[in-house]
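Next up is one chain by itself, shown in structure tokens, the form predicted alone.
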Amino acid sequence: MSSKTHYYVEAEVVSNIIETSRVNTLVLKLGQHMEVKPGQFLMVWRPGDGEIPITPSLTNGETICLTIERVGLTSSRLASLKAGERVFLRGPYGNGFNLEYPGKYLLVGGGTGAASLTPAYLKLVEKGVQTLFLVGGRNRDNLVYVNKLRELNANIRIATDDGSVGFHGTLPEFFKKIIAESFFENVLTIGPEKMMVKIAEECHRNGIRCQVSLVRIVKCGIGFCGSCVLDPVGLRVCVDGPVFNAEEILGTDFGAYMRDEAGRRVEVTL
């Protein structure tokens, strides 16, 4: 299969893993090999429902894992699929992480971001790169993919807002503490946009190269509709991202505004 397809590939649900009360991981079996670079996304569709972009949490030839948070009707229905049911995928789309930069890497995953960063982590480990993985959540019950990362022997540190696990405080607060103790040349981050803005700004102040993966409403996936545009520069998340160097998007509406399903400019709340 080519690196990008605009037709649908059918996939069967092998299992549905409960991560938290709001997050599930679907393990999918494809009938053919699909190559997805760390940070790229797939458009995921089930007949009768909408279509949404999801960055895979693990890929292995004909097996792909999608970690899905129930935030709307489409994502809730996808997260509820049972073994034997089928979904359709197209892609992969967008630019993934550049993992060729020299130096140590600090990965910062909030919410389902830890799952979506896992392919990048595995690729860095394969290359022998020194890597630390920070995972955060509101409390113990909101931590996503921690068990899987431990199973993968990841070098992982945890922060929870209520202090129920690990560092007592927000992930940006923990991040600030970590980079004060040890310098990292590179940061990769996926998570709530308000969180990522703070990470990106801190990296900018400290001269750290930072790559940010944005999650926006994506309809076409190929740059036509403009639903995922970053104002005022016109960058489209689906084709110019979803991974951006922080300097490209600091000063845009990153972390402040986005477009809703109707194309209206609305405030980013998370």
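Here the structure is a predicted model, which means the values were calculated and not measured. Sequential numbering from 1, following the sequence displayed.
Not on display, but discussed next: the form predicted in complex with a small molecule.
Contact check for K37: no non-hydrogen atom falls within 4.5 Å of the small molecule in the predicted complex. The small molecule in the predicted complex is not approached by A11, whose heavy atoms all lie more than 4.5 angstroms from it. Contact check for T170: no non-hydrogen atom falls within 4.5 Å of the small molecule in the predicted complex. By the criterion of a heavy atom within 4.5 Å, A180 is excluded from the residues contacting the small molecule in the predicted complex. Scanning C203, V212, I54, L26 against the small molecule in the predicted complex with a 4.5 Å heavy atom cut-off leaves one residue, I54. Between the options L230, I217, I208, L30, the residue in contact with the small molecule in the predicted complex by a heavy atom within 4.5 angstroms is I217. Note that among 72-80, 95-103, 123-131, 153-161, the stretch whose heavy atoms approach the small molecule to within 4.5 Å in the predicted complex is 72-80.
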